[in-house]
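Take a look at this one chain, the form predicted alone, written out in structure tokens.
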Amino acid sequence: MVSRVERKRGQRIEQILTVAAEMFGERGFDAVSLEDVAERLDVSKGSLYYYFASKDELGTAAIETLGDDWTARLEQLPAAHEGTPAQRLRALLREHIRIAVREYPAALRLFLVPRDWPDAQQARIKALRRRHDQLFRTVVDEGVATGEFTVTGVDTVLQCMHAAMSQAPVWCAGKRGAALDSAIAELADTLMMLVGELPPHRAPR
């Protein structure tokens, strides 16, 4: 069993990584120092060194934790593997947008401009983006192959989907409860139209 001390340490690391990812996403890697992260956390810089030896190490951990967690959760989503391509793609879109809006609104930008990072982290960001893209690409390719989806081009569709989802936290800012759920569903339904799928309430009977 995990001890209370280990559990608290894990929670503390998670908090540090979440804040660091948000700040890197907001300002870019070069513009954030360990002092900045410590100030937002209201702790001493020395406290951060207890967990991370350098900003590079902190940045790498933030990328790995956020990117791996996000994609792994989508990969493990039961609805992503069951049903028609349309049902699976809609489930992936909704869950991706939900995570972006509810959990990582600022940190999402951490993955949008990898060239702003040092080479090692840049390569890892690109690898995580490819893994994430492949999850959506597999479903879209299947829908096209079966004739369920109609697209102008798979690459174009995926680029439009990812670009739109990256803006979800901005579009959904300030919404709560049912209004937020409705906005997430509406965005997912709008993106489904990129593959020729009408929203459920407008689909022909």
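Quick caveat, the model's predicted, so the values are computed rather than measured. Heads up, when I say rigid core I mean the largest set of C-alphas that superpose within 1.5 Å between the two forms. Quick note: we count residues from 1 along the sequence shown, nothing fancier.
Below, we refer to the form predicted together with the DNA, which is not included among the displayed structures.
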With the partner omitted here, the residue among 150, 167, 47, 138 that in the model of the complex has a heavy atom within 4.5 Å of the DNA is 47
Among 160, 173, 43, 179, just one has a heavy atom within 4.5 Å of the DNA in the model of the complex, namely 43
Is the gap between residue 144 and the DNA in the model of the complex 4.5 Å or less for some heavy atom pair? no
Heavy atom of residue 34 within 4.5 Å of the DNA in the model of the complex: yes
Is residue 156 close enough to touch the DNA in the model of the complex, meaning at least one heavy atom pair within 4.5 Å? no
Contacts from 49-70 to the DNA in the model of the complex (any heavy atom within 4.5 Å), listed N to C, are 49, 50, 51, 54, 55
Can we say the CA of residue 66 moves by at least 2 Å between the shown form and the other one when the core is superposed? no
Once the core is aligned, please say if the CA of residue 38 is shifted by at least 2 angstroms between the shown form and the other one. yes
In the model of the complex, whether the C-alpha atoms of residue 11 and residue 95 sit closer or farther than here (change of 3 Å or more): farther
Kindly indicate if, in the model of the complex, the C-alpha atoms of residue 12 and residue 97 are closer or farther apart than in the structure shown, bearing in mind the change is 3 Å or more. farther
